[in-house]
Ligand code: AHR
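What follows is a single chain, given as structure tokens, in the form predicted alone.
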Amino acid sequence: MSHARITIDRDYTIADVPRRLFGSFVEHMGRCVYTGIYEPGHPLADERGFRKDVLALVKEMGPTVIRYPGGNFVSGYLWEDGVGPADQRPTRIDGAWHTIETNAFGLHEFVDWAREADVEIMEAINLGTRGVEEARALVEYANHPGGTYWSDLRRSNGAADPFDIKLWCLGNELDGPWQIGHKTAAEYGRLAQETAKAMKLVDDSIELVAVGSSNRGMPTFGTWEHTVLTHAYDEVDYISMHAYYQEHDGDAESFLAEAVEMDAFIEGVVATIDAVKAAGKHTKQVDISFDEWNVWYQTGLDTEDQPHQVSKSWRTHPRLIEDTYSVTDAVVVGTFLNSLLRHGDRVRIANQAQLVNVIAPIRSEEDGAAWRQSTFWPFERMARLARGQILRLAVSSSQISTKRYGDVDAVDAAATWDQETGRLVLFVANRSLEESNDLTIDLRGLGDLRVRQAETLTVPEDGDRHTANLESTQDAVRMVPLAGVGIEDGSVQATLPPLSWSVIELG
């Protein structure tokens, strides 16, 4: 049995819980849109073609903001193709994912879907093959009330009221050579600056996200952010981060510690932002939009159901990176959520990529069922329960040894305190594959509390760490009661199972 102690004091807070931290991502990639959220003809589709079974799971999961329409897709996308009568829209080649895009689903459809799902829209613009004028026109189309060319075109296309989209991404991963329209940091920084100025001249209420590094391993990481922000600091509100992680060669211990790398990545970007702020004598604060993050098995065996490579043939919505997630993956995703919450003073937006089918917490089959993957559960619990203030924790934990990160804490935690409801919620992972962890939580200044609920996601009795939710076994991995949690003399006592992510709710 390993031991850990967490000390919580209600006066030691980090920031308010940013509701946009619980975001997701819908890209025209694979089966995320077509046969994911949108499938006319499905037995459970509504009159607009929206899958009601998928929509119900999205509402249950609780994302607050969704980034759209890409991703790599957006860097070659003509937004005008996705408006107007659907039967008159052009069919195009999408070079990013080597597919055929029918444009049956576009901006108006996504706005309607987002309203039905009760999520905020985070619209990405094409700064790969397009530029200032096309971005400016899209803001006018989406947000201007009427009486101008683009706003009247929106009205003639059936939307009398503006879409009022407040959050915009200035392109996608333009630091990457794989990106259509790849640019140097200086080229992108100037383009982002001028595009941002033009967009805000149309609607000065919008918020803008500049493209940051595609991952921490990019050769331009750090210098990219510094150059871009040196140009565009005053014009943008956020800079983006993207990161994907996977288990390599059966090294589960290092995989379970990947949130250590996420912590370092965030803190490195914060340091760069603040260096530019200081050098430029800026008064405003630029924060972080971690608008792509997840577990993604980018290397591994290709199968018919889980292809990792883009198809060589031109097809509409082929299966693409439909990873099946295990107990281990869900615990890792839980630690990523913990990391994002701990950094909520600077990471004000985050989007798990993606929402349905494509490396997603929700899976669906064409003409078939929809179900929750294992990674659905940590997201749903944190999105629903993390309210109020993020607390700064003092954690003392036994260690686990990893090849990539050395010795790391076996216990990873984050917590929130809601003054209005008097509710304290602790999100805690046990990274140890074999050992339970005897946890003590020392509560200070929180008054008399009782355990409202305690749950855990761990290896099921009849499974192992690779157990996953499949169409045939949709509830194999889920949150289950965490037994034996109690309070005595101002301290919570709990035993965390091996390989687990738990939620302890006090009130």
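All figures in this text were calculated on a predicted structure; none of them were measured in a lab. Residue indices: 1-based, along the sequence shown.
Another form exists, predicted in complex with ligand AHR; not displayed. Remarks below refer to it.
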**Q.** in the model of the complex, Tyr245 touching ligand AHR (heavy atom, 4.5 Å)
**A.** no
(Q) Using a 4.5 angstroms cut-off on non-hydrogen atoms, would Asp175 count as touching ligand AHR in the model of the complex? (A) no
Q. Contact between Gln354 and ligand AHR in the model of the complex at 4.5 Å, heavy atoms?
A. yes
Q.
Since only the chain is shown here, I'm wondering whether Phe376 would be in contact with ligand AHR in the model of the complex (any heavy atom pair within 4.5 Å).
A. no
Q: Have a look at 125-133, 360-368, 337-345, 167-175 and name the one stretch with heavy atoms inside 4.5 Å of ligand AHR in the model of the complex.
A: 167-175
**Q.** Position in contact with ligand AHR when the complex is considered in the model of the complex, options Gly76, Gly71, Gly212, Gly82, heavy atoms within 4.5 Å
**A.** Gly71
Q.
Give me the residue from Trp97, Tyr141, Trp417, Tyr188 that has a heavy atom within 4.5 Å of ligand AHR in the model of the complex.
A. Trp97
Q: Quick one: name the residues from 259-293 with any non-hydrogen atom within 4.5 angstroms of ligand AHR in the model of the complex.
A: Glu292
